[in-house]
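One chain comes next, on its own, written as structure tokens: the form predicted alone.
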Amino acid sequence: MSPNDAIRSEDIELDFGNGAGIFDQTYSVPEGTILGMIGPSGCGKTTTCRVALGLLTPQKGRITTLGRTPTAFRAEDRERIGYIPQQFVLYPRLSVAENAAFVASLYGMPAGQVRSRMDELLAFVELSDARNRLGQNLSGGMQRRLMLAGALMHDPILLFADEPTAGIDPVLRARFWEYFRKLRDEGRTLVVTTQVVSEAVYCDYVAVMRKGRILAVDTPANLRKMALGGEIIDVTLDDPDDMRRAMETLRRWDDVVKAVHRAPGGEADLHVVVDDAREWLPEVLNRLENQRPRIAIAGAAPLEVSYDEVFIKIMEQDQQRQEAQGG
């Protein structure tokens, strides 16, 4: 953890009973980054955010948000934070502009500043043309965008967004992440929860959650390496009969090759696990083709594994650990 962390959580626990709650949570969020919290429904993502916001009090552990204990926030501390909950919580019978102005009034913003800030934010979330439309007449995606604008009216430096892309189409989902990355590039810190595993690629750091616990926190690239034991080179042999010899050859090279196994569903394909697939690809090919007799290669390339597969692998590894411990 660093002094420049926007959030620092150490051994946090909040047990609701019957397995519900959050447990042993230690993580940090560096300033000016996006942390994505990814996990299935009910795994504790919302509770984790509410503890960091000071809306819930943990029973154990220590947490600071923007350098202060959240349950001891002063008004000026809360003014530095924005929050987008899962449900639409603004007023359905107020217009887009009226809702935005109402949120601004909660922070005592001057009228002149409200007008200029509103124009800027409605343009940012592409709601300028809908500024006079009632909240109840907005689509679900437009309501999400209005809540984002409302959460940003007071120009917070830390933003929590709880499943902001749930139930919206892929085009709008990509647009939301474009907004979030722009905010990050302006120096803001964001915590975004999601069940959409593929959204990990948009984050600087990802926390994988299961049953109230954070299984891992790292960059998307490092999570992939952690789940797979490294990076994978997908090799297709010219002759399937060379499979055994190729695997034996590479397994002997154990200072570089971490694992070798047949690719699922391929007679002549094998997966070679190394630290860096692009760095070691030429050497893997040389090692095979320099054998006598030569092992001919039909094709080889680094294998891009989806984050859905990475997520499943991390979940399976945790389940295996639990079973090994008798839990």
Partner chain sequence: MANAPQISTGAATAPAGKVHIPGWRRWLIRVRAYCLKEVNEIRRQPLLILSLIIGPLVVLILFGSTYVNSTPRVRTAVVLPPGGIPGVDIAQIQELIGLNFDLREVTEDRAGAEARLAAGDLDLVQVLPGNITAALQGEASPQIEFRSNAINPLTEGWIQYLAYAQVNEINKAILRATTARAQQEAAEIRLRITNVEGQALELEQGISAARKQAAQEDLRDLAALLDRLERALPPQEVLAAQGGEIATLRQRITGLQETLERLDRAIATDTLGQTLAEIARARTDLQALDGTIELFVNTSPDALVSPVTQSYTNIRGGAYSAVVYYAPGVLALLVQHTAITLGALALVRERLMGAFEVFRVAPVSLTQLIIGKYLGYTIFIGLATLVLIVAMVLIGVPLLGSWLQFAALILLLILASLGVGFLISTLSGSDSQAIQLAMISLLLSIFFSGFFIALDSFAWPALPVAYSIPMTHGLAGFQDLMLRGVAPGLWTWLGLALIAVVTFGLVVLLTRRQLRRA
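The model shown is predicted, which means the values in this text are computed figures rather than measured ones. Numbering follows the first chain given and starts at 1.
As for the form predicted together with the partner chain, it is not shown, yet the points below apply to it.
Check each of 157, 142, 247, 227 and return the one that places a heavy atom within 4.5 angstroms of the partner chain in the predicted complex. Going through each option in turn, the one that passes is 157.
Considering non-hydrogen atoms and a 4.5 Å limit, which listed residue (178, 218, 241, 129) is close to the partner chain in the predicted complex? It is 178.
Does any part of residue 253 reach within 4.5 Å of the partner chain in the predicted complex? Heavy atoms only, please. No, residue 253 is distant from the partner.
### Query
Just to confirm, residue 302 within 4.5 Å of the partner chain in the predicted complex by heavy atoms?
Although the partner chain is absent here, residue 302 would stay clear of it in the predicted complex, with no heavy atoms inside 4.5 Å.
Test of understanding: in the predicted complex, would residue 53 fall inside 4.5 Å of the partner chain by heavy atoms?
Contact with the partner chain, yes.
Is there a non-hydrogen atom of residue 72 within 4.5 angstroms of a non-hydrogen atom of the partner chain in the predicted complex? Close contact is absent here: in the predicted complex, residue 72 is far from the partner chain, nothing within 4.5 Å, heavy atoms only.
### Query
Where does the partner chain sit in the predicted complex: which of 232-240, 208-216, 109-117, 191-199, heavy atoms within 4.5 Å?
Stretch 109-117 is the one.
- [ ] For the stretch 165-200, return the residues whose heavy atoms include at least one within 4.5 Å of the partner chain in the predicted complex, in the order they occur.
- [x] Sequence-ordered list: 174, 175, 178, 179, 182, 183, 186, 187, 188.
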